Structure formats: C-alpha cells, structure tokens
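Only one chain comes next, encoded as structure tokens, the form predicted alone.
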C-alpha cells in the first residue's frame, strides 16, 4: 500500500530504522526497502500499528485515514458499484480508484446507457476484474450471477444514479441487469443521483426520492452548481470523496469495520438560538445548522444513539434517534442538561451570548410582551441592557455528569488558533473545532475549513464539504474511544 511518500517520516517517528527493525524482529535492510519503495507490506501493517500503540504515538497523520488498511477488518468486505448513464459517469472512475486503495472486494455493473460515456474495458482495467453489463449472458447466467451479485455485497452503491434507475427501483421494475439485482438484493443501497436540475426537481423524481428514503435507501444528495448542459441548479453529482466517505460510514455501521461508535450515546447541539426583544424583534446569528446536522447524521450512520438539540433552522432534519427543538439559549441549556448523562457531547450550536433587555432613560417601564413603539418623546432614549446567557459547553464540561468526550466549536474573526486554544483550556473541554468567519463564507455554505485542536496538537483541515468534515471528526472520535 502506498502512503503518499510519508514512510520515511513515519519510521523516524517510531524511532528510526534500527529500532523499528528490532521491535518487528526483521532486518534493517527490509525497513530501508520500505522507505525506498514507499510501501509497507500488508503482512507487517498490523505489527506497525501495534508498535505505534505500544509507544503511545499517533500515526494517523502519516496515514490515509480513509484507507481501510488503517482499520480493523472484521470480515471480507464486498461492494457492488452500479454505474448508470450520464455525463457524470466518468466521475465513477475516481470512486473506483479510491475503493481500489482499500481492501474492499469490488464488483461493478454498468447499464447500457453508461457505456455511451465510459467503456466496460476501461472499468475492467481499473478494477482488475470483469465488469458486468448483460442480464442475459450464457457465461454469466450459467452461474446465476444476477443472484450472486445481488446477495454478495455488504453495500450496493449506485453512482451516478439517474432519474431512470430511481424510478425503476421505486416501482419495482426489473428490465436489465442493474434493476434486476436491485430487486433481488437485501443489501444496503446507497444512491448518488446526478441529473438536470429540472429533472431532479420534477414532482415524479421527488416522489420517487421520498418513496426510496422511506424504504431505507440512503442518498448522497446532488449538489448545486453549473451543469454540463449549461444550466445551473441542484443536480451535480456529489464529490467522489464524499460518496466514498459515505460508503465507508455505512460499512462501519454494519460492523464490517472497526466501529467504536455503535450504541454510544451522543448529544449534538446545532443551529442558532433566538433571543426575543419583543414579539416581533429578536437577536440571533447566521448559523444554518448544516455542520451540526452533518455531524449528527454521520454519527447516527455509524450506529451511535444520537440526540440532536437544534435551534430554529430551515434545512432538512437528519435521521437520528431523537430531535429536540429549542429557541433560546436558556431552552438549549435546559434541554441539554435534561439529556445527560451521555458518552459524548458535541456543541456545534451558535448560541447567543446575551439577551437584550430594553430600557428607557426616564424610568418608564417597557412591556416587552407587546411590540415596542417608536419613541415620540424626544427626551426618552431607548437603550438595551445585556444579560449573559449560560455557557452550555463550559457547564457540561464541569458538571458531575461530565461526558467522556466534550467537543466544542469556536467561530473566530481573528487569532483563530490562539483564541480557540484559550477556550479549550478555560472551558476544560477535550477538543475544539475552530473556523474563520470573518468574511461570513462559512454560514449557510456547504463547505468549511477548520482547525481541530486539542491540548497537544492542532490539525488544519482544508476547505471541504461539511459532510467530509463530519466524517473526519467521526473517525477522530472513533480513534479516541479505542
């Protein structure tokens, strides 16, 4: 396996060529060869992991954490990839490349339409094994391959998924190899749709989408952007890396990969809070809730028992065990403590720091149960007194029912890392995720760039989809629970 030219640094971190050779009971020349070839033999990988654990050294930063070789496999893993027709079919080649970096056993089926964009020969060359294209094939059907392909995989991934395959799956149509095996399988199915924006928003497509969601089919929803057809809107295939990460998450939930999150209780707070000034005015912030929702969804996908406590948002709710809606900071504080104890808490909500209490300088009492009118008396000046809201994160971290792992967020406009580290220390929490909101590009966006900070280190995660951030954070938590 290739580890991006980091083998030499990894060996140095573990004590150098001689020390690693001594601990693994092999010749120093073998270690030198690893460094030269930038490869670690598969039969030595687990020994290297054991050595790093013995030395209490975290080597994750030297490894591709999306590579299944960095995870304990509980059994042989099989995935079936179905490639449907559409210009995005070429992106399936990147998904194949990512999967081939792992130990997943990959089978691939192509529809007739997909072959208009990429060839079975190309797919066969990349995967190193036969690409299936025909339902009625003497060679294949003598082995009942449409049944074998349907029953063999742990997960079936359809990428790109067209409106046509969605309609077939929703209606139970089986008129080619892909649709027939989908009807004959009991494996988990993941669809990554890609189509024209008007086609995606068509009432028929959305009805099929909802039908499949209700049946337990998982979607990696299409993204907004410019399309190959020249139009713009929602319909672009999600990033191959995001689709790949979603696949890994479901494999972890099925416990075919090492998963320390299965059955663990988690509280996630998300979204903004609102502090009323009067019945029509309030103070809030620009948080959309997308990052917190992505984290809650990712942890639930891995089998965690997730309670999501959310302020007012306008995005679809994730599938988690329990959702609690709140409005104010005090309500979020009360509901959070009512859900303790829990193993993990992740405070991703953008909680309002203060309430604003209206006052007049002439001692006239303001009834904020009614709308505050414009002042007619020129001698009267309306001012606002601030009352600090409770600090949910710090309070949870210092309660007797403190969770095993307390994680917070830090939205900063300057001195991002230093300010976040100070919060980490003062609030006595385990991890903090910091980001720069000085230009407000994070709020409402699907993308985020963050720094993951603990008492000993700071990791910079480049700008990426918030769902990818959630995936990496879940991996980090999974490792911490080992």
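Source: prediction; values computed, not measured. Numbering follows the first chain given and starts at 1.
Below, we refer to the form predicted together with a small molecule, which is not included among the displayed structures.
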* the small molecule isn't shown here, but in the model of the complex which of 342, 127, 410, 187 has a heavy atom within 4.5 Å of it? -> 410
* Heavy atom within 4.5 Å of the small molecule in the model of the complex - residue from 181, 392, 88, 247 -> 392
* To do: Decide whether residue 421 counts as a contact residue for the small molecule in the model of the complex under a heavy atom distance cut-off of 4.5 Å.
  => no
* Asked: Is residue 308 close enough to touch the small molecule in the model of the complex, meaning at least one heavy atom pair within 4.5 Å?
  -> no
* Verify the contact flag for residue 347: yes if a non-hydrogen atom of it lies within 4.5 Å of a non-hydrogen atom of the small molecule in the model of the complex, no if not. => yes
* Hey, in the model of the complex, is residue 351 touching the small molecule, heavy atoms inside 4.5 Å? -> yes
* Interface stretch in the model of the complex with the small molecule - options 233-241, 384-392, 168-176, 80-88, non-hydrogen atom within 4.5 Å -> 384-392
